[in-house]
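A single chain, nothing else alongside it, follows as structure tokens in the form predicted alone.
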């Protein structure tokens, strides 16, 4: 194999596929990036068997072929090359020579035909959604995903498609995040659990482009995202997702409207006094048209007052400030609506149409 491509083009491609390189494995090929040159394309692939990513980069193919090369050896070399054209050659024994200007590096590769290729997914009906929308909905929910220690499905993102609606749900045992978006067409119903890792990595490599679409395809065991000469394939999590609708309530005794920027600043300051070691709660005390936010710990204390619009009863309730902050930052509106039932019931942050709902369990102040 012999190819020529720019250092930036190659590095950009490696940064994309490296998200699927396995670090914790005894299987050498799962630590590799596969380089395939043929049919007018230079294709880079990485696959840890749960998540696979493939992308096409620009360049010239002088001799077709393929080789697998360990990412931890290959990527640092490419990063340290000049911003110029790079020539990559391999011999019959998969020995690789990398040349850029006057610099020449040699690495040992592996046969490409032993690589674990991405699973073949028949591209039947595609679900089209803008890059910006899918990136946004991931970022608005991924923070409340569980680690899966108690229940594996909690390490996944529940994605449901019905007619022209997509609903994404995550939960970690302390909070629930739900986001809904309208799709461009009516689609066949889907109900799947996608590993949180896969969507987190997808969000990192997706451009926030409102004009371009991601095409999504499903099989019985996998989901495929196709965009911009890149394919991301993830294995689905087997099982039934927790019925979060049974945990939700539309009842409330107190509704508060507060300025987003103001409450974010206050909660941010409170987090200085609620470190991992002491886990002191953020106390929200609502009286009349004032919200008092306070936190008291061995490190110090905070007491802040915000003007609000209130409907209903006064209430005092405590929360993990990080959980509140994550939800607040996910909301785009300048004004935030917060719904309370009583000091032992969850806080709901949501809009009128329930395009987003964030439920946070309280901390017992006693």
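Numbering follows the first chain given and starts at 1. If you're wondering where the values come from, they're calculated on a predicted model, not measured in any experiment.
Separately, the form predicted in complex with a further copy of the same chain exists; it is not shown, and the next lines address it.
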Since exactly one of 120, 124, 246, 102 fits, which has a heavy atom within 4.5 Å of a further copy of the same chain in the predicted complex?
102
Just to be sure I understand the contacts: of 107, 171, 216, 242, which is the one whose heavy atoms reach within 4.5 angstroms of a further copy of the same chain in the predicted complex?
107
Of the candidate stretches 294-302, 37-45, 50-58, 314-322, the one with residues having heavy atoms within 4.5 Å of a further copy of the same chain in the predicted complex is 294-302
I'd like to check something about residue 266: if you look in the predicted complex, is any of its heavy atoms closer than or equal to 4.5 Å to a heavy atom of a further copy of the same chain?
yes
Would residue 209 count as a contact of a further copy of the same chain in the predicted complex, using a 4.5 angstroms cut-off between non-hydrogen atoms?
no
Is residue 334 close enough to touch a further copy of the same chain in the predicted complex, meaning at least one heavy atom pair within 4.5 Å?
no
Quick check on residue 272: any heavy atom within 4.5 Å of a further copy of the same chain in the predicted complex?
yes
Does any residue in 76-96 get within 4.5 Å of a further copy of the same chain in the predicted complex, counting heavy atoms only, and if so which ones?
76, 77, 80, 81, 82
